[in-house]
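Listed next as structure tokens is one chain, alone, in the form predicted on its own.
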């Protein structure tokens, strides 16, 4: 299956490096265009290529790795998904300017980490995400650990756990294969309504929990 990545920040670039490290072909994209990705592609090697957002979005499996505040703008212009698998690797947080008042807000327990939670009006993030990609088969994955873990599947003599969840059994099976091909131990958290909230940063009970299979 072809793989596309939308977003080339810390998350998207880490997914790209993880795939390239295993020789898995992928197309990475961002809003600035393919030329801006030349250094990353050269670093990663021949299995990674740069493309437009539309090219990445046309892949069989599409990893969405953009900031939550940009989701509506990025996904609002996409063509029909037509049953393609879309991996929601996002989390509902806003990154703060370190010099802003928000970054020094004592009522924000995440201010020390440079982020704040975004109010979703009682919804969980993957439910919001799912509405932005009508016709896609959404699987939540690659979001519950720090980005540095994406290129380090082995830890303490064991294998890191990567959680995933979704409502389509075939889509989840394909994502499981991808997670395992990257060297991780894949753990299915069930339906999106169950697994999404469990693993979503910043407040999901499994978020940032680094399990290792020995």
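Keep in mind it's a predicted model, so treat the numbers as computed, not measured. Numbering follows the first chain given and starts at 1.
The same protein has a further form, the form predicted together with a small molecule, not shown here; the description that follows concerns it.
Peer 1: Thinking of the small molecule in the predicted complex, which stretch from 23-31, 171-179, 157-165, 185-193 has heavy atoms inside 4.5 Å of it?
Peer 2: Contact criterion met by 23-31 only.
Peer 1: Applying a 4.5 Å heavy atom distance criterion, does residue 45 contact the small molecule in the predicted complex?
Peer 2: No, residue 45 is distant from the partner.
Peer 1: Can you work out whether residue 89 and the small molecule are in contact in the predicted complex, taking contact to mean some heavy atom pair no more than 4.5 Å apart?
Peer 2: Contact check for residue 89: yes, within 4.5 Å of the small molecule in the predicted complex.
Peer 1: Evaluate residue 18 for contact with the small molecule in the predicted complex, applying a 4.5 angstroms cut-off between non-hydrogen atoms, and reply yes or no.
Peer 2: No.
Peer 1: Heavy atoms within 4.5 Å of the small molecule in the predicted complex: does residue 65 have any?
Peer 2: Taking the distances in the predicted complex, the answer for residue 65 is yes, it comes within 4.5 Å of the small molecule.
Peer 1: Check for me: heavy atom within 4.5 Å of the small molecule in the predicted complex, for each of 4, 81 and 128, yes or no.
Peer 2: Not one of the three qualifies.
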